[in-house]
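In the block that follows, a single chain appears as structure tokens, in the form predicted on its own.
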């Protein structure tokens, strides 16, 4: 067990119907808010009106910023931050999925500075990013069970002009409070529900495969979360109004990157790193990219940690519909195939051709990945180091 610190300063309010408390909770953060939303679904389903009504009841002033896109753009964050600054808001409320919440965190930084937000993520001309010195408080109300942005201090922002997608991470970005109301996820479609399930799995799978193998507490947490997602995602897709299934998925999502599961194990996130380049070039959903890349990268990493894969497959899939009754052991390759079978059953695409992507950008994406994340060594940290050639081979294996 490696040394670590675990700190989760976010107040969590969880449960069906808790959105009704949004105004009361918001009033503890300030007198004027910016409510940040996506492209309209929260209005169509009435969630926006519920929050607005609650804010008005508690005399909390607000302005609304609408239009955050999937894979949120740095230019969108700049616009939101400038409006927040001009309106002199006290705090920001992110109402939506992971893209909205990530944009809200970044806008909380941008509202207090004059430089473009990308300079706080990427840096300019080879220089380190600007240091984040302060951020406005934020409150999150997730409408999708997926990213864990409601309980962590990071977000992912895309510079579409440069086709680069990177994380902004700082302890100042922990939400002050998150209202996790699973009832808000019942209107989420099958594809988005499935994408969210894959995202949850990936958040704990990465550290499981690349981190310290002598972390049994974290391993059991990981296996339990993945098994829960494997069990309840199909139920939520089959019956979108199944609040029990939705609640389990929402809680798994919030726990996955809260630090509770992965602390003490370390490790790297190569699957996310590679997927970010993919969706920065093709603007596909994060979950779709992850479902495509998880099996081949598991297969690649499994060369170095086959016993980890065997343990994972056994403890996640034992006595489920995916593993024949009475079969208590699986090989590393069988584990990968079980995940492929699971993702396929959720309707995820497992080849580039199914997503309409050809091989024309494979080399450029591999170059981007190594230049941004390979460091002086020229490869991604992983039990089986991932070089540029390996990335291209991984891409080609799922053409």
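Residue numbers count along the first chain shown, from 1. What you see is a predicted model; the values in this text were computed from it and never measured.
In what follows, reference is made to the form predicted in complex with a small molecule, a form of this protein that is not presented.
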Region of this chain that lies against the small molecule in the model of the complex, out of 195 to 203, 75 to 83, 318 to 326, 218 to 226 [heavy atom, 4.5 Å]: 195 to 203
Candidate from 143, 207, 277, 254 lying within 4.5 Å of the small molecule in the model of the complex - any heavy atom: 143
Among the candidates 281, 272, 310, 130, the residue which, in the model of the complex, approaches the small molecule to within 4.5 Å (heavy atoms): 272
Residue contact check: residue 70 to the small molecule in the model of the complex, 4.5 Å heavy atom: yes
Residue 296 within 4.5 Å of the small molecule in the model of the complex, heavy atoms: no
Residue 38, heavy atom within 4.5 angstroms of the small molecule in the model of the complex: yes
Residue contact check: residue 155 to the small molecule in the model of the complex, 4.5 Å heavy atom: yes
